[in-house]
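In structure tokens, one chain follows: the form predicted on its own.
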């Protein structure tokens, strides 16, 4: 009897301490902060520590943000054994000490590399060193790897990213794998099981609507490219429309609210890209809206669908795990939208298991944080230019 009891304890202990499998690492879209949008190459040990501190003090950690990710320019060379070398002037304590500090705050540590021979800023990439680099990252305590596509030298993207994926799976530490291939080879069609998230477009720019010659896109332009991708997203595998620009100064408050709302609807990773040490109240209000974050982090993991396209105005819907639904009315124009919406007459289809014609739902405004009616009533709201009305339909 004692042997059976002892064996049971051992089995329980093994399963309790079991490391997550690669497929289990991102059950909801990752949330965190990345250095690139605000700081570019101007990264350092002190900056990253201060950002980790600010994530805690601002309340972002408690709202669900957990990854602190250093983007390009932390690496400077390789040593005689081929090991990647951090810039000793900018990171004098080394990456292990930095990771330990971030972990001590209850956060996770992320890093950047590239599938090519060089990174986008011409630092040493990982091509030819994938397994060596993965073991190094594991020894440092890395929890997240963003993997870019510059200097790729005509590699096959699926093969290149699978090589690093295999290296991460064998490195002895669970590491979330972010594929940053810019959507050029439709990674949503092949990257499930290779990575946990994959970029769907060129880099985001801090503007509502704009297209740059080199491929940079504004928020609205990126949203337009997500319309048909909903079928590829789900727990452990996410479409990534790039990092957040909220708080970087290029858009109005309403435009940033639209940006954050639609990323939540799209089940996109929420990776802040601003200076967390110096956030005004508007930026904090947007980034730490727990009602909107809950839509993004819903365990059902469905990406919103655009079920009504009226040209200047759109309506998006996202099914939630509790049998409810998030709905986002998007005003693309420079003029206010005087919404007059009859749920019963105009809503032909939202999502499975939600029948608005037979059942009554409470309409809860996720930005005003209050009930604004129910689905038996006409919804009348003024939606600002470039703004949204984001609501949750809740069972009465």
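Small disclaimer: the values here were computed from a predicted structure and weren't measured. Positions refer to the first chain, counted from 1.
Just so it is clear, the following notes concern the form predicted in complex with alpha-D-galactopyranose (GLA), a form of the same protein that is not shown.
Inset, instruction - Indicate whether residue 120 is a 4.5 Å heavy atom neighbour of alpha-D-galactopyranose (GLA) in the predicted complex. - result: Output for residue 120 is yes: heavy atoms within 4.5 Å of alpha-D-galactopyranose (GLA).
Inset, instruction - Find out whether any non-hydrogen atom of residue 180 is located within 4.5 angstroms of alpha-D-galactopyranose (GLA) in the predicted complex, and reply yes or no. - result: Yes, residue 180 lies within 4.5 Å of alpha-D-galactopyranose (GLA) in the predicted complex.
Inset, instruction - Tell me, yes or no, whether residue 203 is in contact with alpha-D-galactopyranose (GLA) in the predicted complex, where a contact means a heavy atom of each within 4.5 Å. - result: Contact check for residue 203: yes, within 4.5 Å of alpha-D-galactopyranose (GLA) in the predicted complex.
Inset, instruction - Report yes if any heavy atom of residue 36 sits within 4.5 Å of a heavy atom of alpha-D-galactopyranose (GLA) in the predicted complex; otherwise report no. - result: Taking the distances in the predicted complex, the answer for residue 36 is yes, it comes within 4.5 Å of alpha-D-galactopyranose (GLA).
Inset, instruction - Report the residue, out of 72, 298, 324, 275, that has at least one non-hydrogen atom within 4.5 angstroms of alpha-D-galactopyranose (GLA) in the predicted complex. - result: Of 72, 298, 324, 275, the residue with a heavy atom within 4.5 Å of alpha-D-galactopyranose (GLA) in the predicted complex is 72.
Inset, instruction - Answer with one of 133, 255, 148, 143: the residue that has a non-hydrogen atom within 4.5 Å of alpha-D-galactopyranose (GLA) in the predicted complex. - result: By the 4.5 Å criterion, the partner-contacting residue is 148.
Legend entry - Non-hydrogen atom within 4.5 angstroms of alpha-D-galactopyranose (GLA) in the predicted complex for each of 67, 111 and 196: No: none of 67, 111 and 196 comes within 4.5 Å of alpha-D-galactopyranose (GLA) in the predicted complex.
Legend entry - in the predicted complex, segment of 187-195, 161-169, 316-324, 120-128 with a heavy atom within 4.5 Å of alpha-D-galactopyranose (GLA): Looking at the other structure, the answer is 120-128.
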